[in-house]
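As a starting point, one isolated chain is supplied in C-alpha cells, in the form predicted alone.
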C-alpha cells in the first residue's frame, strides 16, 4: 500500500505540473489585453498601457513568464491580483469558506436524498413509485442550475418575499452570534435547493442502476432460494455492493466542491470562489485564475487518492499492490 501511495503521489505531482502548464498556456493565449483592461475604459493613454505591460511583464517571452510563475509557486507565492491589488492567496482564503459551506452542504444533501430515492426505486423497479421518482429525476436533469435559481428567486423571493435574493448575510442588520448563523442559513436556502436539485438525478440514477445490477446477480437468487428474507438480503448484500459506485460519484463531485457552483454563486451573488473566477475571467486576472485552477487540480488529485483508499477498505477484492 505504501508503494502504491508513493507512486500515486509522484503521478499527482506530474499531473499538477501538466495542468498548470496547460492552464497557463490557454490563459495567456486567450484573446484580450489585460493591460488595457487594467488601464480602464476612459480613453487610457498608450504610455499608461505600456507602463502596465512592463510592470507586470506582459511583454516578456512566454517561457520567461511561466518560469517566473513556477518559481513563485514553489516559494508558496501565487502572485498578486491585477484587479483587486491583493495577494491571490488572501483572496482565495477569503472566498473558499463560503464556497465550501455552500457546495459542501449541497453535495451532502444531494448524496443522502438522491441515494435514498435510488435505493427505494431500485428495490421497487417498474412499480409506480419508481416511475414517479424517475420522471422527477429526468425533469430536474433537463433544467440548468441558473434557470432553477432564477425561478426560485422570482417565486419565493420576489413574489412571496419569503427568502432573501442574494448575498450571504444581511449587511444592514449586522447580526452577531446565533442570529448571524441563522441569517447565513436563511440566505443559503435558495442556492442550496438549486444545487441539490441539479445533483439529485446523478445520485439517483447511479444508485438505482447499481441496486438493479446487484439484485440481478446469481448469488442474490441463491440467497432467496435459501430462504433469506428480502429485507436482510437488501441490507447485508445489495446495499454494501451498490455503495461503491455512489462513493465514486461522490468523490468526483467532492473534488470540485471548491469551484463547482460558479453559476449558482453568480445568480445569488454568493461571495465564493465561483464569483471570483467569473470576475477574473472577465478582467483577464491571470494570477487569480491560475491560483484557483491550481487549487482545483490539487483538490482533485487528493480526493482521488483518498477515494481509492476508501474503495480498497470497503471492497476486499480491490488490491493496489
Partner chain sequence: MSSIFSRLISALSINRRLRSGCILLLCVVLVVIFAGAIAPYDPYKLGDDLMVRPGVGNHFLGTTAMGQDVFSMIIYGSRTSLSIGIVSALISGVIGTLIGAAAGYFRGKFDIVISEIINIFLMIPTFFLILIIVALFGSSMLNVMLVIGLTSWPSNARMMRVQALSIKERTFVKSAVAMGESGWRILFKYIIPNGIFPVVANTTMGVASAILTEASLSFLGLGDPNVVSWGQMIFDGKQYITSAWWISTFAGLAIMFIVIIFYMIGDGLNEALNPKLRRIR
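Everything numeric here is computed off the predicted structure, so don't read it as measured data. Numbering follows the first chain given and starts at 1. We call the rigid core the largest set of C-alpha positions that still match within 1.5 Å between the two forms.
Only in words, not in the display: the form predicted together with its partner chain, which the text now covers.
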Quick one: of 97, 231, 104, 144, which gets a non-hydrogen atom within 4.5 angstroms of its partner chain in the model of the complex? 144
Note which of 189, 247, 89, 150 lies within 4.5 Å of its partner chain in the model of the complex, where distance is taken over heavy atoms; exactly one does. 150
Kindly confirm or deny that 139, 209 and 282 each have some heavy atom within 4.5 angstroms of its partner chain in the model of the complex. yes
Look at the stretches 118-126, 81-89, 67-75, 191-199 and give the one with heavy atoms within 4.5 Å of its partner chain in the model of the complex. 118-126
Quick one: is residue 134 in contact with its partner chain in the model of the complex, heavy atoms, 4.5 Å cut-off? yes
4.5 angstroms heavy atom contact with its partner chain in the model of the complex for residue 51: no
Looking in the model of the complex, any heavy atom of residue 278 within 4.5 Å of its partner chain? yes
Looking at the partner-bound form in the model of the complex, is residue 205 within 4.5 Å of its partner chain by any heavy atom? yes
Within 4.5 Å of its partner chain in the model of the complex, counting any non-hydrogen atom, which residues from 288-304 show up? 289, 290, 293, 296, 297, 300, 301, 304
Exceeds or equals 2 Å, Cα of residue 252 between the shown form and the other one, core fit: yes
Taking 2 Å as the cut-off, check whether the CA of residue 266 shifts that much or more between the shown form and the other one after a rigid core fit. no
Using a rigid core superposition, assess whether residue 158 undergoes a CA shift of 2 Å or more between the shown form and the other one. yes
